[in-house]
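As structure tokens, one chain now follows by itself in the form predicted on its own.
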Amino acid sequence: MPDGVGIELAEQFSSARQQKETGELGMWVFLLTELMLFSTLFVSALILRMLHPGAVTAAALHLKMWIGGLNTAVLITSSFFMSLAIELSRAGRTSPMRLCMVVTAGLGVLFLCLKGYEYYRDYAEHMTPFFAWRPYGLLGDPASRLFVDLYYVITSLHAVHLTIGIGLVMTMQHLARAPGFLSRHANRIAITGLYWHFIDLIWIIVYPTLYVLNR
């Protein structure tokens, strides 16, 4: 099919190519602003480690390396299926594309379940300083408490983005059931994929920054 044939064109665009490039540019701009947000948190965690290495290490030893590592593998695998879904969408293969997107979203849910279990283990070990009725395990060490606070801010913010990503992926795979969806809106799958890969990239930075470097 020639480029642009059959694509549903919004009135503000003069061509399908312009609409596609504008959509992708908008997503890239949004992702760059999100990257700046996460970068501020990452730099804060690294500076804290430089200033208080002992306190940060004491707190980081309570992080579950195996869960973080497993979650890294889960998200990398999900990105593989998302990439496959994008290629299938370009080939017009709706059914296998939708299956890959369901697998992608399912792996995202698995990540959240593992992260929820890790939070539960932190709570059981008194490593949740924001619960006033449960004394923090390293009480009297403000630097370690700040590190744990940063850990929760970063990982919970990532979890929010992942939840949004799961919703987007499932919405796209549901809309793709409509006849002719891919011929009109294939770029939506690619844009959704950009967001998903961003979530993956952020976690690939989170894991070494919070788990690996501080042990």
Partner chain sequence: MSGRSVLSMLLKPALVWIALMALLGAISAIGALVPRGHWWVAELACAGAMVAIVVLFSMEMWRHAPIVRLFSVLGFFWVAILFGLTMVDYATRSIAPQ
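All figures in this text were calculated on a predicted structure; none of them were measured in a lab. Residue numbers count along the first chain shown, from 1.
Just so it is clear, the following notes concern the form predicted together with its partner chain, a form of the same protein that is not shown.
- Think of it this way: in the predicted complex, its partner chain has a heavy atom of just one of I67, L46, A159, L168 within 4.5 Å, and the residue is L46.
- Distance criterion of 4.5 Å from any heavy atom to its partner chain in the predicted complex singles out A91 from the list C113, A124, A91, L139.
- Among residues of the shown chain, F181 is not one whose heavy atoms approach its partner chain to within 4.5 Å in the predicted complex.
- Although the partner is absent from this view, M36 contacts its partner chain in the predicted complex, with a non-hydrogen atom inside 4.5 angstroms.
- At least one heavy atom of L84 is located within 4.5 Å of its partner chain in the predicted complex.
- Its partner chain in the predicted complex comes within 4.5 Å of a heavy atom belonging to L32.
- Residues are counted as partner-facing when one of their heavy atoms sits within 4.5 Å of its partner chain in the predicted complex; in 40 to 74 these are T40, F42, V43, L46, I47, M50, L51, T57, M65, G69, T72, A73, in sequence order.
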